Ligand code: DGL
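Here we start with a single chain on its own, the form predicted on its own, put down as structure tokens.
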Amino acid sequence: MSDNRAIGVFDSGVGGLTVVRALLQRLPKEKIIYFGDTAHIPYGNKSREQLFQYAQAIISFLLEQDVKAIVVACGTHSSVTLPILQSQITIPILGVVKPGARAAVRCSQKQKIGVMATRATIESQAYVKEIKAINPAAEVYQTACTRLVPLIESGQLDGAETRRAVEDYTSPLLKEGIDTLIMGCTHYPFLAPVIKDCTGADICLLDPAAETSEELYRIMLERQIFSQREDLSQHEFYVSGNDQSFYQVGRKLLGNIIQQVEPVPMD
């Protein structure tokens, strides 16, 4: 049994491409249809009502493309909207928070875990809940990184301003004695070299993307919905707003996998 339909992936912008990269490595025969909600970025300062409106519109679009599974490649949506949306959709839909929490507990020797994320994710306490569900004794320290997503979306992946911001956000966590740091927004792995410079080599820096791709692999194995096609058609990339910025920054991460980006207004 096989299923040659695509996998849908969405985020507020280019951040979810870090998850796409992991999916393509783990599931190289699968086609990806990606949606970046660039008209509404950043998500971290949006209300629950706004986030649900965006998520429902994007998921409706992906379902119209007849995807076989959806990956919510966004820490904010994984924290706020996914727990409700999972009960409304019949195809598999998964996010990045639970996989990220599992990986962090597994990686941390001292069970002192830091989380960098958007304000909405931090306020939801999603990572704290998931980590403590696995190990109630774990200590979790969080910081809302409001300056990072705009820097990344504008292509500022290094430089003095970016390094100052990363230092401001990692310093309080390091003072708490963490040994593991979750990049709780899928944008942040774009800054992994800078973050690693600020934290030092002894900190386990976690990108939830790899664990998320493993979880999707397990789901697809259980349901036997792997693609069997040898000739993969081109992956598809859509955005609700600025397509040129997405194209330029996205190609820094994925190269020529992104051939073109098509605007699809969602309002």
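Numbers follow the displayed sequence, beginning with 1. Worth saying up front: this structure is predicted, and the values here are computed from it rather than measured.
Keep in mind the form predicted in complex with this ligand is missing from the figure; the text below concerns it.
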| item | value |
| --- | --- |
| Contact of V149 with this ligand in the predicted complex (heavy atom, 4.5 Å) | yes |
| This ligand contact in the predicted complex: A209, any heavy atom under 4.5 Å | no |
| This ligand contact in the predicted complex: V115, any heavy atom under 4.5 Å | no |
| Touches this ligand in the predicted complex: I41 (any heavy atom, 4.5 Å) | yes |
| Listed range touching this ligand, judged in the predicted complex by heavy atoms within 4.5 Å, from 87-95, 73-81, 135-143, 163-171 | 73-81 |
| This ligand in the predicted complex - contacting residues of 186-220, heavy atom within 4.5 Å | T186, H187 |
